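What follows is a single chain, given as structure tokens, in the form predicted on its own.
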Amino acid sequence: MKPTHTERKVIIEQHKRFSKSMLWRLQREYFDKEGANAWVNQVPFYITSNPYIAASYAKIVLAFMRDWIKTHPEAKNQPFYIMELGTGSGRFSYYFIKTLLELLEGLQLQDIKFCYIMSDFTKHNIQYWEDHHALKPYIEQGLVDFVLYDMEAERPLHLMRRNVQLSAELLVNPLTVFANYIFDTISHDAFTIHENKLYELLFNLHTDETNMAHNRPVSMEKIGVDYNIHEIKSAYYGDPHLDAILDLYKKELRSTSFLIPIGSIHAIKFLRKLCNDKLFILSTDKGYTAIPHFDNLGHPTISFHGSFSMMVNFHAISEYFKNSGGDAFLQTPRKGIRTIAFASGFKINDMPEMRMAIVDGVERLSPSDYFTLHSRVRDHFNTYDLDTLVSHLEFANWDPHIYLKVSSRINSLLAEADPKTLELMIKNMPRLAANYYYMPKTECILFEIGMFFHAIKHYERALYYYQQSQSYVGEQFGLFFNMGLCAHYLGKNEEALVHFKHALTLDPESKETQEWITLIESGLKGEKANYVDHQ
């Protein structure tokens, strides 16, 4: 027998303050390298990038605008700037802008102006947004701008399309900021408390020798973590607002470890200065909102999923706001993600319409509640009837992501569908199509809508959506074969022949396609013969 090879451990770094660990640099390099591909079956993002959460945010932001204008009538003369941190794929941006425009039009409030700022630290993502078909109409209308923003650094923010610097002079109205699934991915400091003593957790990173290349780890998921502790006896941050949080935890917590989202707090400080301390933040992420939630915890765990993420200490952020004159609305506990509102320069209770919108969209039926219900349907959709699936789609604002999950089940039930249910589906297919936001390597909802109309024998509409999908699905046999069928059933046999012949080039062994070509060609010959006979 050959001796078993033992992997040799490599020490990557030792005794590092967590916020200074190389893990954060590796994180940034991952997102910079992957660009939009990071969100294709790698980094989870659906929970904060769907039409439901976008509609919740849009209603809250519109209520905020209306409240602000009531007490500041001159606010209508200037745009409200809305900035999304770590925009990523851009899908949430699209749904939010689309919904806010619909609300403004429906309430005849088109005189309220806004500019949506999509931001990220990597140019790859900005290029993806600029070229995206769904965003182009909003870009051309001047509703969207882009900023290259590194949340870990205080540098001037330049609006690329307007060619101006984001500043207190430009931000006449309060700055609204969205922070979805971003506070969990930028730097944290780590602490532990034992017997009323506060310690800093210093990180040690190691990995197998086989996971090293060019003096750096290849895969973050193969990095091991352990800790040293160092007692803190004086003010750790030298910032009274932050040190007050550590003092509070030292008094209130018994034996636990916790994180301070220091990178997020530094970014918030910078944004508050930028907008002259008139700031409104909505954030949805995984995390803790109350001290009892993070008492008696072990040392922090790191969740790897292409990148990595940490639980966000929302309680610490809310304490920072309150200690420095701001305000916070903390959602009551949910099993999954939390949605939180932070304010600076005004109190949430002084904005009645906004506060009610927050209660409705954050507390009563939150994005977390929506995702819980959606997950139950997603995991058991093959047991549901068509009416239930359609009701779920209506609840989800006709989300293409959901339709793609249940389309095969829907198609199998269409033959026996209630006419009223079918009528509702037909009416909402344009909504489903309008919600399509293309992502690399994902299925095309336009093709699936074509399949729906094909199944119910609405061949004209089926052919239209098949044709619309062609630029996304490319040279696909099933697309051209289906277009051939629809054209044939519409009596457009010459067009059908073109589609079938193209389908055959994509799958030369398809006997069914060859049979259709033979059938149509013989039929066309018969038509021509009849035409000659009648001359």
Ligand SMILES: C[S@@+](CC[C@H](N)C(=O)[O-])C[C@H]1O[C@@H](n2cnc3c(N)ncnc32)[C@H](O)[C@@H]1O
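For every residue, the number given is its place in the sequence shown, counted from 1. Since the structure is predicted, the reported quantities are computational estimates derived from the model, not experimental observations.
The same protein also exists as the form predicted in complex with this ligand; that form is not shown, yet it is the one meant from here on.
Figure note: of the listed segments 138-146, 375-383, 79-87, 320-328, the one touching this ligand in the predicted complex, with heavy atoms no more than 4.5 Å away, is 79-87.
Residue 66 falls outside the set of residues with a heavy atom inside 4.5 Å of this ligand in the predicted complex. Mapping the unseen interface onto this chain, residue 52 falls outside it, with no heavy atom inside 4.5 Å of this ligand in the predicted complex. Interface residue remark: residue 48 is counted as part of the site for this ligand in the predicted complex, having a heavy atom within 4.5 Å. Although the partner is absent here, residue 501 sits far enough away that none of its heavy atoms falls within 4.5 Å of this ligand in the predicted complex. The single contact residue among 128, 436, 181, 116, judged by any heavy atom lying within 4.5 Å of this ligand in the predicted complex, is 181. Proximity to this ligand in the predicted complex, defined as a heavy atom within 4.5 Å, singles out one entry of 121, 294, 236, 270, which is 121. Along 125-161, residues 125, 149, 150, 151, 152 each place a heavy atom within 4.5 Å of this ligand in the predicted complex.
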